[in-house]
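Heads up, what comes next is one protein chain in two forms, each shown on its own as structure tokens, labelled structure 1 and structure 2.
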Structure 1
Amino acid sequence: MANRYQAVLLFGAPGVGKGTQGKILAQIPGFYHFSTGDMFRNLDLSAGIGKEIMAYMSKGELVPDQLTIKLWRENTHARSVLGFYKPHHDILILDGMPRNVKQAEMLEDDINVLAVVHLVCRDKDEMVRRLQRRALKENRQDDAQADVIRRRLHVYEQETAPVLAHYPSDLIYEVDALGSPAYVLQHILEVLVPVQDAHFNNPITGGEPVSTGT
């Protein structure tokens, strides 16, 4: 248990701005952004396992849990070996993971969750507009079709939203996702700055974050 990655979960529905905020946070020393969606998109999606994964993504379905967790473990380990992610110094900002309760359970030995930042957007139409804009900008086919968008929002409500109940309520921080990226960032940092300070002054680990396994 002492060898877990120290993590913050960026949580919220598709189109709420997790990726946008994750990429900004990645520029701040001490944070490392990891998006499982990007991990999948970076595979060769034209053959083998990548092709299989693409079939799930393009329908708006979740990639199977075992495969997702296996790839995530390998990727995280590789990034730490290569020195991109420094588990002793960086808080892992997990974007898009865990995506259901099963994944949350499977990750229990891998990550120590310091906080869950729940980006909340009650305006569904605005989320759909954001997804459609992103489809044009980033050439994402899972955002281009109305039925796939609807499926993704449904999967979120049915499978992903229940993940929140898996974590203690005092770790969950709701942040209003309707606003400019700077406005949303400000509110995320109000949560994360104290978390980072507490993490690096952790009396149990003597001011050093605990080391990680794998």
Structure 2
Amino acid sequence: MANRYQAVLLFGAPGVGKGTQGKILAQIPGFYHFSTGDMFRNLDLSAGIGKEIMAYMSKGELVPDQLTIKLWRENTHARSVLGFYKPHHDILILDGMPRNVKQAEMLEDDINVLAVVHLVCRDKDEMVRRLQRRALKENRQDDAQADVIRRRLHVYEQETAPVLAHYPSDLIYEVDALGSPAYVLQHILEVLVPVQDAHFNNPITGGEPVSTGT
């Protein structure tokens, strides 16, 4: 379906650097980074859909998948209307979604997945250290506890990791998440440069490359 958003999924466990790489990719013309974590953090919880979501969060309950997808659809549409995200031209870099197989199924009518960049860090202790550093930097002391972090990693393995099996294996590219941001970026771009070239050259979904002003 040509009217679906053309998307690349940034995939991986907490602490592998999805957010860092997503922000870097956002600086490259033709890519638009959408972080679902930022979407929730910037949500107005006093009205509308935010109030619905707050009702679940205040009880310590998980936000239902349907409500999460509804919020994502509204956000994506609003960004396109405002001109921040240009669906015909930009490849959507999705960071943090889908979180489970049900969400992946619900998104099938919304996105055409061009590639899944699977950031892999097989050193669990290193991921714990990364998440601890991030939590302390963001002044979230409770999130810096090793048992809390390991619980998050367990939830990822149980609920999110199975999403990989939802997509064809030839769309999934493993990238080693250990190393400097530039090193990891280099290997992500080895995947995404051909994807972006094919997107621009597609007469249905592509567009003219944007000028960088140079």
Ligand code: ADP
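All figures in this text were calculated on a predicted structure; none of them were measured in a lab. Just so we're on the same page, residue numbers count up from 1 along structure 1's sequence. Take the two forms, find the largest set of C-alpha atoms that superpose within 1.5 Å, and that set is the rigid core.
Structure 2, not structure 1, is the form predicted on its own.
After superposition on the rigid core, displacement of the C-alpha of E61 between structure 1 and structure 2 amounts to 2 Å or more.
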